[in-house]
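Okay, so here's just one chain, in structure tokens, the form predicted on its own.
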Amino acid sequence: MTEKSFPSPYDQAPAAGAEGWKNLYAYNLVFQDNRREVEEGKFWFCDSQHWPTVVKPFETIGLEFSVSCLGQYNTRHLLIPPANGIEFRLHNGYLFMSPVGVPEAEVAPRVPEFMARAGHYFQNWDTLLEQWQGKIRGTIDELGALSFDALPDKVDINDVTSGKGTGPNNELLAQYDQLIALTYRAWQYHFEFLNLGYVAYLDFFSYCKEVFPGIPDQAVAKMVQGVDMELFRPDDELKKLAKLAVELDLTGLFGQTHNPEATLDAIANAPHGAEWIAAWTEAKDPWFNFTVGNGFYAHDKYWMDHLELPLGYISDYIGRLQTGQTIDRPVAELVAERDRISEEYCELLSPEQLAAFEGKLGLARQVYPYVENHNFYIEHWTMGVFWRKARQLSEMLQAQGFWPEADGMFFLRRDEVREALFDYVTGWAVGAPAIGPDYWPDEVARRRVIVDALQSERPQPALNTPPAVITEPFTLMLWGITSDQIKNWLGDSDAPEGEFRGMAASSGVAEGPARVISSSDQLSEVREGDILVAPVTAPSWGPIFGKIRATVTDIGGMMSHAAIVCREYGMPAVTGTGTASSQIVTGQWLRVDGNNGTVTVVEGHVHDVTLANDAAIQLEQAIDGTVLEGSHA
């Protein structure tokens, strides 16, 4: 494909001020000097789709558990014939991945094993999925029952007289161990069904390519669209609450959503307000266990903990309803298009081919919802509870003097947290001060400086020499790492100046002003008619999708969350552009062609109201002293 290569991780110096960054992480997570020849022999791509920013030491739990469990199911549970797991390393604070292939001689022997294991799940999908729901909800309940309170001055006398024999220090350590173990268990549940969903779709996709030479990727994707997914339920609940507020004549009470307590009090005391509050309360659990991030970072904000977010989105929906806009997803239209496309292709098949086609399509549609629904149960709900408990522990140790800021614990590895916790219980047990308050404040401050320095530079899209052709199916389908994509990254693209090429992820053509955002904290800047340009989007950004005309991302394949969500909202999207978010500027006029996977900067056409929009944002901040996240003045 090309003789060009990406830089070697061994030849890249860290950002100024980040020297010694490797010591923040476990030895197995970084490129070791004595493994240079081995590591440089592999192609690594940056997974900015799931980890778009620098990972703090404690946050590696998300990448270690998720990527390890993905590989566990491919390699050990299901024995997927062409795919094992994915190796992963942190480089300058960012996550890089390298797929592990299956030797050609081992592919065929794995087929009967895979058919027996996967076949059992496909034949008993609904029953096993119901069982899965019970398992994951039980795990979430166990996580929710954990508590990290400071140790008492003395053991309760009842524990003494009952002959219990252990103290609260033993329970505190056990609670931490359980926090880690339960989260690891949840991530194994995450992949119990997920890879099978991808396999079923990939099987249908491959069959379509075989019997319909030249069929567009989007035509295949559209044949499984328009399904009912729980991942959209949080957004749907907000829409229902907005409609109810209009029906009950409560719309004038959503003017200060940045103050949730005052807003909810005003609604509760208004005529018919009690009815709305009851609906709000019912929606909160579990659907507000939803993050504007992706669940892998301690700083991700969850609706449950930041009620100004859902209230702001509701306020925005109310405004759109009052101007006569439709706020619901176009499900009926998506289903009609799905059925039309399926029927048209069915007419081209022989009876024998039709039977195979309908069987594969039926299976793909049956399992497809899980491909997105798992995201709510694990990344949003489970990880929301996990981070809530982790913050409680961090704040408890902060109160004991281990670090001055509430988030100090996240600059420790999880094994170091266990050591710090044992230090704390030991000091309590012997009646002497713990050592941690004299050690960790300076160390956390040092690490914070390193993380900030790493954050100042964006990562390379990939490392080392790429293969001539990318063939690994999950890499293509989930991350959109294609041979053409690598050409773009290496500067070998034949695209004209001002054009970006990527994956034609969701059909349609749209034009509008670019709105470039790099984090969920900027969602309040998005205005009606914008083209959203971001390194990656999250499923929880659904409430802004009704305002924007199209989406452009740096990374993501046809089965990435960004692609699936855009298709379900009927919005044009181009994913996997590589560098669009770093080269496009807010206000530039864009033409997004989701049919062909191109994004074009229209020269000489700068959106006139961009400055006015930015002025409106500044006015909001001046009035309220903060960005009104999720609201639209």
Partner chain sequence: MTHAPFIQFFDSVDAPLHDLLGGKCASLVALTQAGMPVPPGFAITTAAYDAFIDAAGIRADIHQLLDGLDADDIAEVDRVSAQLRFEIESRPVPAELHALFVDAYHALQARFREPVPVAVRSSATAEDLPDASFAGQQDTYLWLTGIDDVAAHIHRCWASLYTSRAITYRLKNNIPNEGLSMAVAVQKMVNARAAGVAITMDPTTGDRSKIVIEAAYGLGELVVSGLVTPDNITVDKIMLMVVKRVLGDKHAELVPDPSTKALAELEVSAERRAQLSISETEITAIATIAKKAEKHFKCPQDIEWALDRDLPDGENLLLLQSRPETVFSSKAQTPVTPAGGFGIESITRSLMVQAGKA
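This is a predicted model, so every value here is computed, not measured. Positions refer to the first chain, counted from 1.
Note that the form predicted in complex with the partner chain isn't included here; everything after this is about it.
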Requested in this report: Name the single residue among 138, 119, 330, 144 that comes within 4.5 Å of the partner chain in the predicted complex, judging by heavy atoms.
Outcome: 119
Query raised in the report: Quick one: of 394, 520, 291, 218, which gets a non-hydrogen atom within 4.5 angstroms of the partner chain in the predicted complex?
Result: 218
Query - in the predicted complex, segment of 73-81, 382-390, 163-171, 440-448 with a heavy atom within 4.5 Å of the partner chain - result: 73-81
Report task. State yes or no: in the predicted complex, is some non-hydrogen atom of residue 341 no more than 4.5 angstroms from a non-hydrogen atom of the partner chain? Result -> yes
Report task. Answer with yes or no whether residue 412 is in contact with the partner chain in the predicted complex, where contact means some heavy atom within 4.5 Å. Result -> no
Report task. Would you check, heavy atoms only and a 4.5 Å threshold, whether residue 210 touches the partner chain in the predicted complex? Result -> yes
Query raised in the report: Going by a heavy atom distance of 4.5 Å, is residue 269 a contact of the partner chain in the predicted complex?
Result: no
Query raised in the report: Can you name the residues of 345-370 that have a heavy atom within 4.5 Å of the partner chain in the predicted complex?
Result: 345, 348, 352, 353, 355, 356, 359, 360, 363
